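Below you'll find only one chain, the form predicted alone, shown as structure tokens.
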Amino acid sequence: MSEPGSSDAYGETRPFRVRSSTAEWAAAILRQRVTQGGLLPGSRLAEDELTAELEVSRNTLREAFSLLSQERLLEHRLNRGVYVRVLSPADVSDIYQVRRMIEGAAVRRSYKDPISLTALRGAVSDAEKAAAEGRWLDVGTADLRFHQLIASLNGSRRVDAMMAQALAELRLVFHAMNPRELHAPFLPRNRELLTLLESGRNAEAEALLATYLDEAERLLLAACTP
């Protein structure tokens, strides 16, 4: 077993078991796999394999499953097991409603933490580099980090947690589209949005964000509507 905090075959960096239960630690690993695209919507989670891999008891793993079910990332199907959720169009619309409230409030704030702006620059650069190398799943991961960092401009840990959950759910919908077709149109907009935030042009940033989210929602709704 890889030590917590190290990389493993999934290419993930496992969270350290600090100030959390073993179930929370296991949930954090599975949550990360969902967010990074390692667990696909509709896939079944095999208890025997995961208990062996993570070296946890079956009860601990089931507690982790319960935590992620409360976050709407997993679902228990009677007599069939635990599966990664497949989101409905209504789920997508609800997530975007949350995003508009959280990210809209963040870009309107007059004060922008310089450390957060530096992190935003890093996320944009990472996405552009991954795109240039054809790593479109990594582009999606960097894009989610970019929007999580925008939410962090609100300066609230509770808001950060709400946004993290919404974005983890959103990653489940990304698989409904070709990743290049989904992310390529938004790369230059991320750069433009960053420039507006850095220069304090908050009204323009808010207007750009609004059209950005509207278009992204339309694309994903079209992809996941039967």
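Quick caveat: nothing in here was measured; it's all calculated off a predicted structure. When you see a residue number, it is the position in the sequence shown, counting from 1.
This next part talks about the form predicted in complex with the DNA, which is not shown.
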| said: Please identify the residue among E192, E53, E47, E198 with any heavy atom within 4.5 Å of the DNA in the model of the complex. | reply: E47
| Applying a 4.5 Å heavy atom distance criterion, does T60 contact the DNA in the model of the complex? | yes
| message | H76 versus the DNA, in the model of the complex: is there a non-hydrogen atom within 4.5 Å? | response | yes
| task | Give a yes or no for G104: in the model of the complex, does one of its heavy atoms lie within 4.5 Å of a heavy atom belonging to the DNA? | result | no
| query | If you check in the model of the complex, is S21 within 4.5 Å of the DNA, heavy atoms only? | reply | yes
| task | Specify the contacting stretch among 106-114, 131-139, 146-154, 78-86, defined as having any heavy atom within 4.5 Å of the DNA in the model of the complex. | result | 78-86
| Within 112-129, which residues come within 4.5 Å of the DNA in the model of the complex, counting heavy atoms only? | none
